[in-house]
Each structure stands twice: as C-alpha cells, then as structure tokens.
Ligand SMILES: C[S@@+](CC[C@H](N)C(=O)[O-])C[C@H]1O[C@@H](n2cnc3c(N)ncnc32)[C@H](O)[C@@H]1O
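Heads up, the chain below is alone and in the form predicted on its own; it's given as structure tokens.
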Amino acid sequence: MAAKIPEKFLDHIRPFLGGTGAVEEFVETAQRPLPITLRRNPKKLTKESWAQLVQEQNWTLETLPFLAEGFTLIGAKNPGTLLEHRLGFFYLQEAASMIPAEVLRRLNPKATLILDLCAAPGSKTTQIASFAMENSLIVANEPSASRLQVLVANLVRLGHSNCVVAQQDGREIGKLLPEAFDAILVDAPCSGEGTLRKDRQALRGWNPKRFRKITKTQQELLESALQSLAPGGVLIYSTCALSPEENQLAIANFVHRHPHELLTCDLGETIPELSKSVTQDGYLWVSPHHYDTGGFFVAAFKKAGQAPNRNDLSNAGSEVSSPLISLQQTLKQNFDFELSQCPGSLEVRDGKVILNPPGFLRVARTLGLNRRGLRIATLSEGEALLHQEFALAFGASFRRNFLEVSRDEARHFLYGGELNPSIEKMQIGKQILLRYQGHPLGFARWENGRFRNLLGPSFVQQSVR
C-alpha cells in the first residue's frame, strides 16, 4: 500500500509543482515504486561488451535523457544479485541521483583535483571516477565511520584506483585545504523528502520545524566547500529534499553572503535535457512527476578568479626499495605484468605495498587519509602476497598465470568455495588469478589438486546468480 503524503507537505511545495493538475500528477507518481535505473561502468565494460550483456540478459533498456551511460531497466528483477553486478560492470543508482555528478562533468570535465564532501555510499564518487581524467585525484570524504566500509567496497568493486578516502568533518576541510580543489560536490545531508518513492517513512511526522538544525549544517558545509575551492573551480550543491528551506532558500542565503565570489551556472543551458525542472534562478528542482524519478535539487557555481594550472599531478618520485624490486620481479615473472602500468606512486607501510594515485601528496599530509590508495600486496619473509584489490583493478591486464572459469565456477568461487578444475599440472603454492570472460574474480592458490580460495571475508558474496 502506498504511503499517504501529508497535506501540509503538499501545501508547502505546491508553489513549485507547476500548473493545473500538477499536484495530482505529483501524488500519483510519488505513490508508484521507482523504476530500476543503473549506469554502465566504462572502467570495466566497453560499449560492445555492454551490448552483449544486455542481449544475454534479455534486458529492455531506455537511455536516460541526460546521461548516455544511464538506463532505465524495464521488466527485469533483482539485477543487483547478478554476477555482473558483483564484478562492477554496472552500478544501481536512482536516476535523479546521477544528475549532480553529470552536472560536474559538463561544467569541468578536465578537473584534476576533485572533492566529494559527503561521499558515502559512493554513488556519486564512483560516477565521477568513471569519467575523470586518468591523472586526476578524487577525495571521497565521509565523516561517519559506519558508512565508510560501504564507500570503500564500492570503490574497490568498480575498480577505481584514482580515489582516496578521508574521514573528516566536512565543515573543517575548508580550513585544512584552502583553495585546493578544481571541483567540489556537496551532496548535503538533508531531510530526504525526495526519497518518498522508496522510503515510505520519509514524510512521516513531517513538520517544517525540522529544518532548523539541518539547514545550519548545510550552510556550514557550503562555506567550507567555497573556502576549499580554487579560483575558477566549480561547486555543485545537491540534496534529495524538496522543501525550499534546504534548496532555493538555502542557496539564496549562501549567495547573499558571497555575491562577488560566486558566478551562478545556468543549469538550463548546462543540462537542457531536464528543462522541465529548471527554476527561474537556473537551478534544478527535480520533482518525481517530471521524469518519473525521485526528488532532487541541484545548484552549481563557479568561483571567481583564474583557475590554477594543474597539468601535472604526478607524485614526487620515490626510491624503489628492495622489497619493491622483488615485487616487480614477481609480477613480471608470474603474470607478465609491469608495475609501471599502474598510475601513481608506490609506498611500503607496515609491510603493505600501496599504490597511491597521482596528486595524493597534496592532500595526504593535511587530511590524515583513512584510505590512502589501492592495496597491492603484503610483504612477508621475502614473499609478496598479492591483494584482491589489486586483482580486481588490474587483473584484466595479466598475461600469464590466470585461469578462465565458467559462470557456475565463478559463482562458487565468490561464495568462498574451492574449485577443482581438470588441470593436469599446476605449480604448487603459486597465486593464480581466476577470471570470468576476461574479468578478474580474485586470487587462489593451487594446493593438493584444488584451488584454495584466497578471498577475504569482505570479498565473499552469498547471493550471486
């Protein structure tokens, strides 16, 4: 049964809904379940491979009007349980939630230092990483320790190695890193009114007095973001709320305090495919009945001034220590893979080899990163035990010591099971990469005629079909 929408909430947003019949259309749409929407991950899947997957799954897709890699999936059920989802081929995301990152892409496609200020669970971070330039650095900040794990898991699953994770109060980052970033997304914590199609409790006990505390936080986050934005940089503000206090009024208050620093971007020009949702001020107020989505608000600004030249984000070169030489030799001999294929710089910390993305030194010392980079290996007694993160990010490029497995074998392996394929000879004790249709699943070790599963608990999946 659909949740009842409070009349006082409808009265509150009525001025923004449109002409005759708009309220009825809003209510009718809001009480229907959301369509299933997803986006292809170009990091893992080419357009040709995507077309093949769509054909194999017998999917019917409709391209989202504003995003070439975003689709509505019609008629299918539970795509999140598919092996292809576990392998990071696509990301399930509500359509309106894809708008802020797409706005950022259109306004500053060459940004090299990017901050996602309120990042978990990683939907927008992974979307930004999918189009960001190879030498870019994305800082995903999430103050909540309980939400960090999901954020990191999504970054690893989708194979994004150009991201680092910070656990800071977003209101303090402006002081820590003034004028540091070319682009900043503030997907602010909000009342969540726009999620009413998937969360029946979103409007329960709705009262306009609820805004006082949350709007204060939103303003503080905006102030911090502006302080941390470089001249000429782009600032995107978004919420999944529908009330003006968190959206139009919040932005009006912010602009009033900074009339000479902020240049408003007209999103009607930036993203004309969403013309139904453009406000008089050039913002986007996306109502569920506009495009059969959730509710969302997006505003964008450029900071006055000349943008800095960030053509080179490469980290300072570090000495190649003996352990790294040994690791390089292991990778070359066992997998015919060169470490030079990994963008960034290597460091050894507490016996762990980490691949730090380009530019991370510019933020690492100040932010105290929760996750510095991609874990490549653990060094112990002269042996390098390669990490599953490394396999998922770069294993498709290995040219030796990998084994292609069937779909059933891939599913069994991801359950944490061991495999016993019909192989006559295999070197005892050596790590072997298992792949499905060329895509890495993870490492195993050949012992006693079987492949011992080396997946850690965080990589094991119990519901893959």
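This structure is a prediction, so every number in the text was calculated from the model and none was measured. In case it trips you up, residue 1 is the first one in the sequence shown, and so on.
Just so you know, the form predicted together with this ligand exists too; it's not on screen, but the next bit is about it.
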Inset, instruction - Would you mind picking out the stretch of 144-152, 366-374, 175-183, 280-288 that comes within 4.5 angstroms of this ligand in the predicted bound form, counting non-hydrogen atoms? - result: 144-152
Inset, instruction - Decide whether residue 111 counts as a contact residue for this ligand in the predicted bound form under a heavy atom distance cut-off of 4.5 Å. - result: no
Legend entry - Interface membership of residue 171, this ligand in the predicted bound form, 4.5 Å heavy atom rule: yes
Inset, instruction - Report yes if any heavy atom of residue 121 sits within 4.5 Å of a heavy atom of this ligand in the predicted bound form; otherwise report no. - result: yes
Inset, instruction - May I ask you to check whether residue 79 falls inside a 4.5 Å heavy atom distance of this ligand in the predicted bound form? - result: no
Legend entry - Position in contact with this ligand when the complex is considered in the predicted bound form, options 104, 117, 96, 250, heavy atoms within 4.5 Å: 117
Inset, instruction - Work out which of 187, 84, 245, 193 lies within 4.5 Å of this ligand in the predicted bound form, going by heavy atoms. - result: 187
